[in-house]
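Shown below, as structure tokens, is a lone chain in the form predicted on its own; questions about how it binds or moves come after it.
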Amino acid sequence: MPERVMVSGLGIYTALGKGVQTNHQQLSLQLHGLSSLDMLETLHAKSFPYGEIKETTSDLIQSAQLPSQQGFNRTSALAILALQEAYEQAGLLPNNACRTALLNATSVGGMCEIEKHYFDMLNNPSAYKYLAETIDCADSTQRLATAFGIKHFLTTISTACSSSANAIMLGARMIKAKQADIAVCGGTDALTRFTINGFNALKNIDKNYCSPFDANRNGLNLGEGAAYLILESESRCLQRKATPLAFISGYDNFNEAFHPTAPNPAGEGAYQVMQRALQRANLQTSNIDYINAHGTATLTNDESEGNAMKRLFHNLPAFSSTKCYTGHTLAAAGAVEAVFSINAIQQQCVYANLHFKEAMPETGLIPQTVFEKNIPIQHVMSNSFAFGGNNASLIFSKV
């Protein structure tokens, strides 16, 4: 029988705060981290709510104890701060002798710094050569690897909003195949004008707090953050005397190739990926106790995901979107919500879907609207659906 893939460490930094416990506390109190922008300069700073981390990039770099002269940006600093917590919880030290794989995800890479200096770079490219190199999505991966002494395997995944869910999936596969002793999986994204302008052009941003699965939803709120999971085999956990937090029982990805930015309204891609994750986990729909939904609060996603859940689950378990707390953190979202899903198992709770008032007429589904604890949670499904039909679904289970 194949060994189970254990999660032995978690680390997170979002607009709710730094650390797993802080994020759980804010979620349990039903307190979101959305506000207007203070750190990022843009014409839209006061136009929309954002999940912005209220620390300057310089402060983040200092907090992470990074040498500022080496071109670290906000994306990399957030990643290192989140991974430091995951390493500490897992009882791991940087530069260890393990065959460690790093599977890092990001969507905008170093755009957070490039866009500030773009015109200066055009006029004097040689003076900004070091900065230009940071725009590559792999730059944050290399900086993480250098900071933690990871050399065995590095890769960068950028499949939009499912990026870090796919990183976790690939890490689980590598552990199962014995291609690595430790898999460090997650993602990081900082808010940028580039992102805000792009989503605003798509008319996908709500001027109010987003309301996932509500009949009157009108778009998402953008956010920033980073989150990482430490994965290893069950036998290695026992050997290290590490305490597993949960195990990955199921996962899958499925590309429905329907439209560059819109999902199939019937939810075919979402249905297929959830069903296949259940099959891989050898679980029935009745075994799922909570679904951390993708739930972007956009017109198309929530209809599509709602239709898929309604089609797959005869008795739909509690479900909610936690993007109404953090904003949509893009490539980091899958890992952020994986942390929340494992928290739900650890704390035996389900999180509330904020700002919900009226069910969508297309589905009639009502999400979890209050935080509840002392709920028996054995298996949690976490969904991440992205542009281009890049759908991913993970299932975490209680040890």
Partner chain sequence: MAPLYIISSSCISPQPSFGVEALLNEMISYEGNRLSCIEPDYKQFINPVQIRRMSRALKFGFSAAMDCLQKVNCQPEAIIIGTGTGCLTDTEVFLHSIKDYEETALNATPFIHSTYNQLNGMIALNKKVNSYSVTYVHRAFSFEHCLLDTALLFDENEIETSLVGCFDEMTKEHFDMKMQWGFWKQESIQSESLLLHNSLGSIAGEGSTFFMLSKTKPETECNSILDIATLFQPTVFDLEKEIQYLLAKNNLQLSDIDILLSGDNGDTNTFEANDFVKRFCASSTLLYFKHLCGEYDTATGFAVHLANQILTEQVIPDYLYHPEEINKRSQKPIRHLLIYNNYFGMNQTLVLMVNY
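Here the structure is a predicted model, which means the values were calculated and not measured. Positions refer to the first chain, counted from 1.
Beyond what is shown, the protein has a form predicted together with the partner chain; the following relates to that form.
The stretch from 86-94, 233-241, 291-299, 198-206 that comes within 4.5 Å of the partner chain in the predicted bound form, counting heavy atoms only, is 198-206. Contact with the partner chain in the predicted bound form, judged by any heavy atom within 4.5 Å, is made by just one of Ala266, Cys98, Leu312, Ala145: Ala145. Taking a 4.5 Å heavy atom cutoff to the partner chain in the predicted bound form, the contact residue among Met121, Ala318, Leu283, Ala215 is Met121. Looking at Thr322, you'd find every heavy atom of it more than 4.5 angstroms from the partner chain in the predicted bound form.
Though the partner is left out of this view, Leu43 does reach within 4.5 Å of the partner chain in the predicted bound form, counting heavy atoms only.
The partner chain is not shown here, and in the predicted bound form it never comes within 4.5 Å of any heavy atom of Thr329. Proximity of Gln179 to the partner chain in the predicted bound form falls within the 4.5 Å heavy atom cutoff. With contact defined as any non-hydrogen atom lying within 4.5 angstroms of the partner chain in the predicted bound form, the contacting residues in 248-270 are Asn253, Phe254, Asn255, Glu256, Ala257, Phe258, His259, Pro260, Thr261, given in sequence order.
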